[in-house]
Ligand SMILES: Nc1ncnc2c1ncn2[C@@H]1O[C@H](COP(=O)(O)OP(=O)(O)OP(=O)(O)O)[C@@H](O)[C@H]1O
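Single chain ahead, written as structure tokens, the form predicted alone.
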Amino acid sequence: MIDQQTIEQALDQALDGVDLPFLGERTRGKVRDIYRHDDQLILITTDRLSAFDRILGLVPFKGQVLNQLAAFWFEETRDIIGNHLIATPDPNVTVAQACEPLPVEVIVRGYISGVTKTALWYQYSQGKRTIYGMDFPDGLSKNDPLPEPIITPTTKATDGGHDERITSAQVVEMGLVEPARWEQICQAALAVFARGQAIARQAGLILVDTKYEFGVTPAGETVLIDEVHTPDSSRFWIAETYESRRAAGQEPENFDKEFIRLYYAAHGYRGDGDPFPLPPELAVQAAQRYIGAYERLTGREFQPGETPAAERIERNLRAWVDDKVTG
């Protein structure tokens, strides 16, 4: 893995965004800058880090890790359900089939954990025993495994709002997703999660929970979109120390951004109002975790892309557009 000094030196070159007028109008998401090109989407994954539905700061190499790791997982789960990936013309860029995104985030949980207001443990710790339409017994402790993975949907936040908890029954009742498609999505989500847990286990990690997004192609096919099993959309614990730390009442060692959520929560921030800036030392630690997760899960050494990333991305996308025109 690249050393800490290299990451520290990259702090000033972290990618906040790319403005490419030759691609048309840009849509700026929490983490990705998105362009529409014919029937395809160009998704540029930046180094922006979000938590509590807010942008906290920039983490060097994070965008490249997310983009390349998502491409790895799309390939690893293609036999379970199709996805939107077409090409990766740059380490930070995915060219994807344009789909109609479904207005539900599909959260799959294998453990009772989390500090955000939509997290299972947060609700349970507030005394609730019926959560997401499911009943939970007394006596559970934070970070305990669930008998089997469960699906806990949320709405998709818009205009800076927060995701809201709903039940699977409400997804159908509210007309957010038609019944047959929702059943297909739930089956696929649990199967993809099981595949993720198996590969993570081989890497010495525990896939704790994750977020999936699904879309519908112009042909009506349900596909995975956005990203899969990255440190942004998922939580990973180190398997070797999980049992001993849980027995000692300690938080599991993680390979994701949960430690940043815990840091902000410990300093009184859980998503209300503007967050305080991400401290540089946390950004470096986050980069180390993201890169470490990529290398463990894929079995590949992380190779940082050429910097400045914005110039490289523009050059590679201009070449991609030219190839489309001449090809």
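It should be emphasised that the depicted structure is a prediction, and the values quoted were computed from it without experimental measurement. Heads up: residue numbers just count along the shown sequence, starting at 1.
One more form of this protein should be noted, the form predicted in complex with this ligand, which is absent from this view; the next part is about it.
- Task: Kindly confirm or deny that 31, 156 and 213 each have some heavy atom within 4.5 angstroms of this ligand in the predicted complex.
- Result: All three within 4.5 Å in the predicted complex.
- Pick the stretch from 186-194, 125-133, 243-251, 96-104 whose residues have a heavy atom within 4.5 Å of this ligand in the predicted complex. Among the candidates, contact is made by 96-104.
- Item | Proximity to this ligand in the predicted complex, single hit among 41, 51, 70, 291 (heavy atom within 4.5 Å) | It is 41.
- Message: Going by heavy atom distances of 4.5 angstroms or less, which of 119, 208, 225, 199 would be at the interface with this ligand in the predicted complex?
- Response: So the residue touching this ligand in the predicted complex, by this definition, is 225.
- Message: Can you work out whether residue 109 and this ligand are in contact in the predicted complex, taking contact to mean some heavy atom pair no more than 4.5 Å apart?
- Response: Residue-level check for residue 109: no, no contact with this ligand.
- residue 257 within 4.5 Å of this ligand in the predicted complex, heavy atoms: So residue 257 does not count as contacting this ligand.
- Classify residue 235 as contacting or not contacting this ligand in the predicted complex by the rule of any non-hydrogen atom within 4.5 angstroms, answering yes or no. Although this ligand is absent here, residue 235 would stay clear of it in the predicted complex, with no heavy atoms inside 4.5 Å.
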